[in-house]
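One chain is shown next in structure tokens, namely the form predicted on its own.
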Amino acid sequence: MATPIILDCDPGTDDAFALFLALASPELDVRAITVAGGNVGLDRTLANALALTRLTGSNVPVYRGADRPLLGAFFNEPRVHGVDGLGGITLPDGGQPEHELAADAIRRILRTAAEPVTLVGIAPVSNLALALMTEPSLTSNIDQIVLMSGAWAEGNATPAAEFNALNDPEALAVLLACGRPVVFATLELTAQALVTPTRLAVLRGRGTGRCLAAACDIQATVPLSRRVPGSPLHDPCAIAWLLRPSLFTTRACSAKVDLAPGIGRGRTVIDRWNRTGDPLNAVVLETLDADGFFELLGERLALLR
């Protein structure tokens, strides 16, 4: 049976790959796509999510969510994603979102689901936290929470913090405290999913579908990282974990997030060696079979029209 998921995103170049991968995979039953601001403002991330979903031909409902974190304002990243979030690549209009707000839709789906639902967060997790803060009992109907978030070493938005964690650390703290398993695809993991010119050319060669072409065109706009020799494909790693866990090695850890003001805000303190003796509340994805990951990505995106 397909795994029911809610995909919370902020498209965003790498979100496009993640969304396509999820919608191309019969192992996943995508019940909803919920959208927050983050990589760019909510008006753009929502339009992008609608356009990407429409491009696949999927009828999965898309919901407008948070335009700001629980406290403060989102920090956008147009230097990586472009001012429109998709590197200036134009897609057909995706229409209008559902009338229901994202947090309301998340609660409704959890409340009425016949089996536990997996929450997948590849954005600042404001929508997910809002849903659980307002109806905490719904955690009993969550199977696991899979996040592209955090770093156990250096951040990418600040020296301390990864972008999604920094954008709403209070929301991330809510998820870590909710009592359900949390899986982290951190920067150390996603740096292994490295798009190089050779890998991008191989992906292009997998087919002639418009979704595959759009994903490759979008990725071609992403500047090379200063940290690694290529462009990390962050968000699809969270989806790949659900599809092919054999591609990963993992470590059970305790994890907390720094909520204090200052240079350390948003740091995910991940105790990989159990130095603190704190309860193990997270699973960290540590290594990735990158060739297997890109083979999976190409195989699935080639299935889309």
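All residue numbers refer to positions in the sequence shown, first residue = 1. What you see is a predicted model, and the numbers here were worked out from it, not measured in a lab.
Below, we turn to the form predicted together with alpha-D-ribofuranose, even though it does not appear here.
- Figure note: of the listed segments 202-210, 169-177, 105-113, 155-163, the one touching alpha-D-ribofuranose in the model of the complex, with heavy atoms no more than 4.5 Å away, is 155-163.
- For the chain shown alone, residue 187 is a contact residue for alpha-D-ribofuranose in the model of the complex, at least one non-hydrogen atom being within 4.5 angstroms.
- Taking the partner from the other structure, alpha-D-ribofuranose in the model of the complex has no heavy atom within 4.5 Å of any heavy atom of residue 48.
- When contacts are judged by a 4.5 Å heavy atom cut-off, residue 122 counts as touching alpha-D-ribofuranose in the model of the complex.
- In the model of the complex, at least one heavy atom of residue 148 sits within 4.5 Å of a heavy atom of alpha-D-ribofuranose.
- Contacts of stretch 74-92 with alpha-D-ribofuranose in the model of the complex, defined by any heavy atom lying within 4.5 Å, are made by 81 alone.
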